[in-house]
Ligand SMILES: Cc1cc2nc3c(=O)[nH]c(=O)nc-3n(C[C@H](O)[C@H](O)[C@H](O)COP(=O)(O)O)c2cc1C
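This document opens with one chain alone, in structure tokens, the form predicted alone.
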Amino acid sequence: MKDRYPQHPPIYDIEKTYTFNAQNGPFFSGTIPKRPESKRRIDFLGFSLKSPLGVPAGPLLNSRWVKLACQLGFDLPVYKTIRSFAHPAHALPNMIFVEPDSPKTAHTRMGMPPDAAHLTVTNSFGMPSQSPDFLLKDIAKAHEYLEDGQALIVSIVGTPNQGVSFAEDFVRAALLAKEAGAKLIEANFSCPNVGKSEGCLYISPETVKQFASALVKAIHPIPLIIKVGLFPNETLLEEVLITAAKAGVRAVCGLNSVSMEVVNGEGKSALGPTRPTSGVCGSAIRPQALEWMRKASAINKKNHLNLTLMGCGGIVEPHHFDEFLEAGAKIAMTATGMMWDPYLAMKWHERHK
């Protein structure tokens, strides 16, 4: 398996800007191996998938990135979160290797981690977005790259202060995705790298009800998925899942990256004074993500919510996909793992052929 799926450098260059990576990446120079044969089929919201493996919102910056993910065996790719208008990324740095000190703090580490077990990064992009004109063409092109047994999700987010209400701008972004041909739409209610109003929607049952209901109505009959983060307690998680199901949400994805204070060797904010906290993802958050999945799965069953659960957060080795599936996920997704090991899905397919 080692020769069949050799080590490959990261497909995203963290030393370069988001725009440079979007325009020039993905940086993949390996061969596309023949995928192991399998008769497996997974039903996901009416779509027949070859496997339960996907890439969550984040790494797939445009249709070229989606194409590579599809070729490398990720059957449920998510097109990077879009807005209703063009929006720039945060300035560099955007990604730094880190090591958590506690559930709320992490410090930077020098150079590449020694192995996948220590592959943890902070990412701070601010949910950049291309123009609607670009997105209408590129999302349509991304759909053309899907192979048999694959489906594409388009991630969307609203933005406050755009001349309409926050919820209405969410709907505008969703309708843009729908116009571009989206068959599945995910609303990001949980990004930790933007303003509080944008990134903490998921912890308010009232907001989840208001926004999700408006989105479900606007995109019907397209299924709505919502992305969530860590909850302060299980009671609130249960209330939000019940509210989401009643609002017509079909699937819930968690976890988004975990917000932490990230400091450098001098004890100062690693991303600069305006970004004291940022999302941490990769290996270190896997225990939290798995615990979220187990709790969400138990709540889903107990209340007969019929929500489809999607898991991500810390999948950096092939067997980690199975851990999430065993914890109750219908779909298991990797972002950081895929960026540093593009053969990750193929390795899993090899084990499950």
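The first residue of the shown sequence is 1; numbering continues from there. Since the model is a prediction, treat every value here as computed from it, not as a measurement.
Note that the form predicted together with the ligand isn't included here; everything after this is about it.
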Subject >> Of C281, L76, V240, A173, the one that lies within 4.5 Å of the ligand in the model of the complex (heavy atoms) >> reply: C281
Original post:
Which of L68, M310, L307, A57 has a heavy atom within 4.5 Å of the ligand in the model of the complex?
Top reply: A57
**OP:** Could you confirm whether M339 comes within 4.5 Å of the ligand in the model of the complex, counting heavy atoms only?
**Re:** yes
**OP:** Evaluate Y145 for contact with the ligand in the model of the complex, applying a 4.5 angstroms cut-off between non-hydrogen atoms, and reply yes or no.
**Re:** no
Subject >> is_contact(K80, the ligand) in the model of the complex, heavy atom dist at most 4.5 Å >> reply: yes
Subject >> Non-hydrogen atom contact Q150 with the ligand in the model of the complex at 4.5 angstroms >> reply: no
Original post:
Out of 248-256, 109-117, 131-139, 165-173, where are the residues with a heavy atom within 4.5 Å of the ligand in the model of the complex?
Top reply: 248-256
Subject >> Residues from 114-131 in contact with the ligand (non-hydrogen atom within 4.5 Å) in the model of the complex >> reply: N123, F125, M127
